[in-house]
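Consider the single chain below, provided in structure tokens and representing the form predicted alone.
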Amino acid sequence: MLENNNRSYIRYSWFLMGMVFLVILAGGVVRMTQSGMGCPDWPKCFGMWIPPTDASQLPADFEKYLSKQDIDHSFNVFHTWIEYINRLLGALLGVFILGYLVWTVRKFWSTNKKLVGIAFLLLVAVAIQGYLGKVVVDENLSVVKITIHMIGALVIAALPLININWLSPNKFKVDGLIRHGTTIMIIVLLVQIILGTQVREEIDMISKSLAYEQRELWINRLGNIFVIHRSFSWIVLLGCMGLFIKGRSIMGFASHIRNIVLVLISIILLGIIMAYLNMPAIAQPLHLLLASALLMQLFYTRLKME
């Protein structure tokens, strides 16, 4: 049985991962609504800590901020506050992670320094992520850095799982084929997520060229990266189905892999909806959120193996 304090610590670790997913979802909503430059400077927004709610509240030199935008070069309170809320969630996550480090040091410094090490890495990772956010804004949503920013979010989500695993006694025994297969699927899915961010960046360029209208044309104008991403999804599906067939009778592992397959099917359905129903906006952040959740489920499943 877990100590009560350990149970609380584990719950807080899960909470942190949930917060990361909330930030990922908020980032997806920013992209969905084309609000990425709603706050064209960083860390402030239009040179203010609390952004304006009306154009009349803009600072005297507001034009130098609006010139950085690539949407309509005008003040849009909706875009501004969508981006600002995303930043607030990121800052709040940083505060929670700082508290996590303090708690970990106080509780485990003398007994389990590897937990302290992970908590410290988590704080470093979120600091780097904040810096990358600044770079993305400074360079007006630089394409490559958006992908790196996404990978950073996945790293932040994965680190609490390591501490959770170290404090959780329940493991399951699997053979080498399942262990190695799960590791391979983690790598394959990470590649697929990176391909997906490349597709999303291409969609951004296409939608911008069409003034963010005529959604029925967006998919048809995508290049080979979309074909690769779509084809790669079959590899992910077949690999996860193989793990399910191989491990469906293993106690503990069966429930994990069943959840993985169900989430994967939901992701593929959202991909089909986007491809054949003219890229409905809400499907985009959900697709990314579920893909991130799937990767974390695979990673945690791999950690639980003996």
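Residue numbers here begin at 1 and follow the sequence given. Keep in mind it's a predicted model, so treat the numbers as computed, not measured.
One more form of this protein exists, namely the form predicted together with a small molecule; it is left out here, but the text below deals with it.
Colleague: Quick one: from 82, 153, 174, 193, grab the residue that has a heavy atom within 4.5 Å of the small molecule in the predicted complex.
Modeller: Among 82, 153, 174, 193, a heavy atom within 4.5 Å of the small molecule in the predicted complex occurs only for 193.
Colleague: So which of 275, 261, 250, 26 reaches within 4.5 angstroms of the small molecule in the predicted complex, heavy atom to heavy atom?
Modeller: Checking each option against the small molecule in the predicted complex, the one that comes within 4.5 Å is 275.
Colleague: Among 121-129, 163-171, 83-91, 200-208, which stretch has residues whose heavy atoms lie within 4.5 Å of the small molecule in the predicted complex?
Modeller: Looking at the other structure, the answer is 200-208.
Colleague: So in the predicted complex, does residue 96 come within 4.5 Å of the small molecule, heavy atom to heavy atom?
Modeller: It does not: once the small molecule is placed as it appears in the predicted complex, residue 96 has no heavy atom within 4.5 Å of it.
Colleague: Does residue 256 reach the small molecule in the predicted complex if we count a contact as any heavy atom within 4.5 Å?
Modeller: Answer no; every heavy atom of residue 256 is more than 4.5 Å from the small molecule in the predicted complex.
Colleague: Answer for residue 226 alone: is it within 4.5 Å of the small molecule in the predicted complex, judged on heavy atom distances?
Modeller: Output for residue 226 is yes: heavy atoms within 4.5 Å of the small molecule.
Colleague: Residue 16 versus the small molecule, in the predicted complex: is there a non-hydrogen atom within 4.5 Å?
Modeller: Residue 16: no, not in contact with the small molecule in the predicted complex.
Colleague: Taking 159, 178 and 298 as the candidate spot, are all three within 4.5 angstroms of the small molecule in the predicted complex by heavy atoms?
Modeller: No, none of 159, 178 and 298 comes within 4.5 Å of the small molecule in the predicted complex.
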